[in-house]
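Below you will find one chain, with nothing else, as structure tokens; this is the form predicted alone, and questions on how it binds or moves follow later.
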Amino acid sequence: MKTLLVTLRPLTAFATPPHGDTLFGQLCWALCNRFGAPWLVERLDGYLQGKPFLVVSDLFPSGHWPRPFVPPHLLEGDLRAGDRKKEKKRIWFPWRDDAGWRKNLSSWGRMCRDEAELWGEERKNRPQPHNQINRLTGTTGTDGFAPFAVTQTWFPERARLEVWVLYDPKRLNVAEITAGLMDVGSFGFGKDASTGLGRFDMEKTEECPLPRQPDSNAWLTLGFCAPQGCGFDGKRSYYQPFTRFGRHGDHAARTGQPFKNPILLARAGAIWSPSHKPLPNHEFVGRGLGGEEKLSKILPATVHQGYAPVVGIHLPEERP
């Protein structure tokens, strides 16, 4: 697998959080529309058997990774002021600054930043009300006419986001990846793209291998992943679970049954330790989900990204 680091500039608000598994699904639709369904089906061969052709990370602030989900004493964050609320906002680790990724995990907590430090201000969430008028009653009402609000996320103007893209060069090339990303950025990512949300520009694309600490014994994930059945050591793994209630996109969203079966994932920033040592030289962990109507009866072959790019880190041994 090769690795691309792509820098994006948000142009509009987002109504769907920019997570890697969601972006993977939308990229598949973009590639399918551009190159055809047979082309995509050929690339998906082996996806459920641990041979993905494409693995996409979440979108992070440029030069940063998510703060690892480990007990606070392992990161030694700055709690001198006793303000744990401020500490909880410092969720981004600057991996580029002074090669910070090479330093011990115990010093990462003091290096983490909040979004105000990165961009001068935080992203803002604003509710956007929607409603439909019943032409018989001339007003809103119940069922399909009940007013509702959709949360829109606005990034600061100076915000730049990065996404790590792993790809199999035998099945996919850089031109195809960038074309797919440009299509997603032009037509919009996620919910309410038809009203102009989720637009972005590609500013930079570079080959950038994922870093790995020399004495690494665990992985830090850069996207949502499905760890079930992957043989991790439960006593030395830390994660935050998330239930994904997914929906079909593109033309499948208009089939009348757009909803997929829910799946259980772990958020980006999880730490996974393998049961066997030494640490395998993997660039991603997790597994592919779906197929055989497991996710959808409308599209039985539907798959979901349960893979996530990873960074090898050294997780210190804890004393009993």
Partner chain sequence: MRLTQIRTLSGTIELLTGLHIGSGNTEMHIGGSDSPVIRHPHTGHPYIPGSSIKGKVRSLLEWRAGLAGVNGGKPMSHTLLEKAPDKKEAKAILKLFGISGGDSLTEKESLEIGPSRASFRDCSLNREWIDGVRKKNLPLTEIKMENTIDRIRGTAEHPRNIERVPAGATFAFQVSLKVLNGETDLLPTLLMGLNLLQMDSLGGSGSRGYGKVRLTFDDGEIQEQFNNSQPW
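Here the structure is a predicted model, which is why all the values come from computation and not from measurement. Residue numbers count along the first chain shown, from 1.
The same protein has a further form, the form predicted in complex with the partner chain, not shown here; the description that follows concerns it.
Asker: Taking the partner chain in the model of the complex as the reference, which of Thr151, Gln132, Gln240, Ser106 has a non-hydrogen atom within 4.5 Å?
Answerer: Spelling it out, the residue with a heavy atom inside the cut-off is Gln132.
Asker: Just to confirm, with a 4.5 Å cut-off on non-hydrogen atoms, which of Lys89, Arg160, Arg171, Arg199 contacts the partner chain in the model of the complex?
Answerer: Exactly one residue meets the criterion: Arg199.
Asker: Looking at 66-74, 49-57, 34-42, 280-288, which lies within 4.5 angstroms of the partner chain in the model of the complex, counting heavy atoms?
Answerer: Checking each option against the 4.5 Å cut-off leaves 34-42.
Asker: So, in the model of the complex, is Glu122 in contact with the partner chain at a 4.5 angstroms heavy atom limit?
Answerer: So Glu122 counts as contacting the partner chain.
Asker: Can you check whether Phe93 is within 4.5 Å of the partner chain in the model of the complex, heavy atom basis?
Answerer: Judged by the heavy-atom cut-off of 4.5 Å, Phe93 is well away from the partner chain in the model of the complex.
Asker: May I ask you to check whether Leu11 falls inside a 4.5 Å heavy atom distance of the partner chain in the model of the complex?
Answerer: Although the partner chain is absent here, Leu11 would touch it in the model of the complex, with heavy atoms inside 4.5 Å.
Asker: Answer yes if any heavy atom of Leu264 is within 4.5 Å of a heavy atom of the partner chain in the model of the complex; otherwise answer no.
Answerer: Leu264 lies outside the contact set for the partner chain.
Asker: Only counting heavy atoms and a 4.5 Å limit, does any residue of 170-189 reach the partner chain in the model of the complex, and if so which ones?
Answerer: Counting only heavy atoms within 4.5 Å of the partner chain in the model of the complex, the contacting residues of 170-189 are Asp183, Ser186, Phe187.
Asker: Look at the CA atoms of Gly196 and Arg135: state whether they lie closer or farther apart in the model of the complex than in this form, given a difference of 3 Å or more.
Answerer: Closer in the model of the complex, by 3 Å or more.
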